[in-house]
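Quick setup: one chain, the form predicted on its own, written in structure tokens, and binding and motion questions come after.
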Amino acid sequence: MSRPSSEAQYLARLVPPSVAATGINRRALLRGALGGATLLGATSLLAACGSGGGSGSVPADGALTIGSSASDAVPKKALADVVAGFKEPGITPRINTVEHEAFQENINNYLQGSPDDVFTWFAGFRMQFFAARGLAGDISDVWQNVTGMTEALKKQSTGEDGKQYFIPSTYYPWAVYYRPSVWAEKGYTAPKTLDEYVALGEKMKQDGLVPIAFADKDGWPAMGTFDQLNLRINGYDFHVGLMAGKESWDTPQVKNVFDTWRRLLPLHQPDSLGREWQEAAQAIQQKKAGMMVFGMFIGEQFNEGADREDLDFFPFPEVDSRIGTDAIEAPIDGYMMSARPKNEPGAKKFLSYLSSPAAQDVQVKANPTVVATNSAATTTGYSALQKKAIEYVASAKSIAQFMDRDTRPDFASTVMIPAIQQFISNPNDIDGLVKSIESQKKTIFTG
């Protein structure tokens, strides 16, 4: 699919297709930063920590509960530090942390049960999905006093009804990550084309390295590889159309994505369906693997200091010169309020605090694998990796979120997770695979 023929058409594509917007470019989306899952699972893991209720008044004990998927050590500490900085008389915040994958897998039932007052979630389509179903609270009044956020970030926080339901906090780019020290020792250079990428992988094999660290036990990590290939092979417009259910999966374009991926699979770390992403990232950290297609939070598996400083990335290489490499993924994380919070005033005060430079400064200091969204956030202490991430995202012409954020969550979790895992197990029946995906897509998107 060709690129937009006009500036306005082009700019309109920088937010998910379900958000009607024009006049927004990629620099507008993240200029603020320049300045500064299965949904049908059991509910018990999440419902047990919920607050329930919904009186619109502050509870007698001032309790404010925060449902968090930040279960890994680095983001968990970062959120704890942010909450510790929230000083509001009469409000006592309490974090209820649930293992990251379990949180995502059970989010639908969690929100329909007894959710916490505030919970961690994602911008764009995934936010809109729950807002449209009345499972998230309107925080438009909070946004009236938010400063330092671009209009594009506000649009990423806006539901289909024009109201705001999300506070953006941080973002990070997906790319190909590696250890510069290992590459310098071996004499490797960043590949610019897919052929160079494959040749580098073969050289890494000869040198005793796993070329591409890879894990998909949890279902979502491999989505990133599909997205990178689809953006490079078919371009941004086709990619967002496919995610929105407007393009067919059983087309030559999608078959080409899987066929290209099949060519790359021998370079991937084997037995990926039994491995979590943290283990794959540790293969990079331990210098056993040469590179990994992942988000910048791969750095969570590196020790603070010199170890983490020995981490860099390059754009996923070019596959088609007509498409190029100017489309990237940079997911935005943040917070939402449940539809009926027990402590609504406290929740809104906390969300307002989370939007502030002060809160985001604390978060990115504790977790230097992400970048703040507020334009007034301090960047003087940013690592080289964070600074490079800002420049990388700002230079992109088109920005996607991620497969399970740019499409319906029920389609991502019930169709695409098992489909991609099936492909990894048996990459030789692409025709049958895409026909199955398309059939299920039609049922979900037209149901």
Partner chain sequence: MTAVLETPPGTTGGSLLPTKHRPGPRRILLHVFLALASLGFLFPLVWAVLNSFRDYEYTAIHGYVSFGGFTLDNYAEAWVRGDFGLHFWNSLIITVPAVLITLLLASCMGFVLSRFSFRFNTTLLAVFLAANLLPPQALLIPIYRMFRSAEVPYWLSDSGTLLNTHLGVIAVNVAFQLGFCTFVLSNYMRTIPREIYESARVDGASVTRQFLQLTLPLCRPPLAALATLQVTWVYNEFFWATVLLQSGDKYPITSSLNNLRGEYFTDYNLLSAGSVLIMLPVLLIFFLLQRQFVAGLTLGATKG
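Residue numbers count along the first chain shown, from 1. What you are looking at is a predicted structure, and each value in this text was computed from that prediction instead of being measured.
Form predicted in complex with the partner chain: not shown, discussed below.
Using a 4.5 Å heavy atom cutoff, none of Tyr172, Thr378 and Ala400 lies near the partner chain in the predicted bound form. In summary, among the residues Asp161, Glu99, Asp307, Asp81, the only one with a non-hydrogen atom within 4.5 Å of the partner chain in the predicted bound form is Glu99. Site annotation in the predicted bound form: the residue of Ser338, Asn374, Gln363, Gln301 reaching within 4.5 Å of the partner chain with a heavy atom is Gln301.
By the criterion of a heavy atom within 4.5 Å, Asp250 is excluded from the residues contacting the partner chain in the predicted bound form.
At a distance threshold of 4.5 angstroms between non-hydrogen atoms, His268 is out of contact with the partner chain in the predicted bound form. The partner chain is not shown here, and in the predicted bound form it never comes within 4.5 Å of any heavy atom of Lys246. Although the partner is absent here, Glu185 is not a contact residue: none of its heavy atoms lies within 4.5 angstroms of the partner chain in the predicted bound form.
With the partner omitted here, the stretch from 72 to 80, 311 to 319, 162 to 170, 189 to 197 that lies within 4.5 Å of the partner chain by heavy atoms in the predicted bound form is 72 to 80. Residues are counted as partner-facing when one of their heavy atoms sits within 4.5 Å of the partner chain in the predicted bound form; in 369 to 399 not one qualifies.
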